[in-house]
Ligand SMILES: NC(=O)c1ccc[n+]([C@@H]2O[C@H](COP(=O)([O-])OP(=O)(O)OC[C@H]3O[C@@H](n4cnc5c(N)ncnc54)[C@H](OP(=O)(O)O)[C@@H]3O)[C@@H](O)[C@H]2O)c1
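We begin with a single chain expressed as structure tokens, specifically the form predicted on its own.
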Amino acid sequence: MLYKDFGNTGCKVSAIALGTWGIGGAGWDTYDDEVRLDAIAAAVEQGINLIDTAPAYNAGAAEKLVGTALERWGLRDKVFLTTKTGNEFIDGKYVRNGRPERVLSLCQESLDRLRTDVIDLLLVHWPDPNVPFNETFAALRQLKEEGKVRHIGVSNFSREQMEEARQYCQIEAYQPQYSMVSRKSEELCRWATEQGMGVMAYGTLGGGILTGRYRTVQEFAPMDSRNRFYPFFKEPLFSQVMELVQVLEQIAAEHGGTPAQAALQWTAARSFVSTCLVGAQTRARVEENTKAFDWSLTEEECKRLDQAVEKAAL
């Protein structure tokens, strides 16, 4: 496993992190709880030391599974544990809530579900336009002062929103969607890195589209994240991504690797990415992802991928 500095926090994190949106079970394929718990254990076994979760991942279901796994196998001290606030999953809908009283109570609920006394990094999941930032981030400062949270960050914020938030609280991490097929946040990632923030890229496999497992356009349920959140599974983007996947496959095959591993190497090589969040619900998928650094892209292969990414123009 490759480890990188996480901004100015003084921590080193694995270049691949375990994202648990899918493990929560809402909007993705579902597996038995024991299969998901085994995937979490496998991640730590394979050298992943950052696990990212959120109360919005199926109304706390993901946090509960993470907490169960960490307690069952005594893994808490091996993990930089990240969760979020300001967003909840209620009656099948995502609801933003940055009110300070809810930030405080939701943190305690997360601590209970995660079976821990402290959260290493608490992120504001999405900005709440109905609550002044000074109120939301005052609550976060309080949590840090009380020792319930070690570091504070934001996800899905614009630069202007981050600059405003920094007036009220030290922001040490930024979590945007970033991958070969989603590069709109690239300039902001560079800026955040320059500010000393750790950058956690999510969706680094494009919701699974970069794994090579999808060959034709498929129908997904209305609330499936591949139908609702990630646009790559529909035309015309699907065909554009497939051209990129072909290049990933060709290069990976020359090393006995997989398209997912090549895509993760490409993203992890960005100087402004501290860690690549990857969702996986089974041990096999986790092990495939963590073998991404068992081989290396050549300089020529990196150029080919850069050209393919530019051609896809996503």
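All of these numbers come straight from a predicted model, not from anything done at the bench. Numbering starts at 1 and follows the sequence shown.
Separately, the form predicted together with this ligand exists; it is not shown, and the next lines address it.
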Counting any heavy atom within 4.5 Å as contact, can you tell me which stretch out of 282-290, 65-73, 265-273, 41-49 lines this ligand in the predicted complex? 282-290
Check all three, T20, Y31 and F229, heavy atom within 4.5 Å of this ligand in the predicted complex: yes
Note: exactly one of T211, T193, N97, S185 sits with a heavy atom within 4.5 Å of this ligand in the predicted complex, namely T211
Can you work out which of Y202, F133, F157, F89 has a heavy atom no more than 4.5 Å from this ligand in the predicted complex? Y202
Flag G153 as yes or no: does it have a non-hydrogen atom within 4.5 angstroms of any non-hydrogen atom of this ligand in the predicted complex? no
Hey, in the predicted complex, is A61 touching this ligand, heavy atoms inside 4.5 Å? no
My question is simply whether F80 lines the interface with this ligand in the predicted complex - judged by any non-hydrogen atom within 4.5 Å. no
Decide whether G207 counts as a contact residue for this ligand in the predicted complex under a heavy atom distance cut-off of 4.5 Å. yes
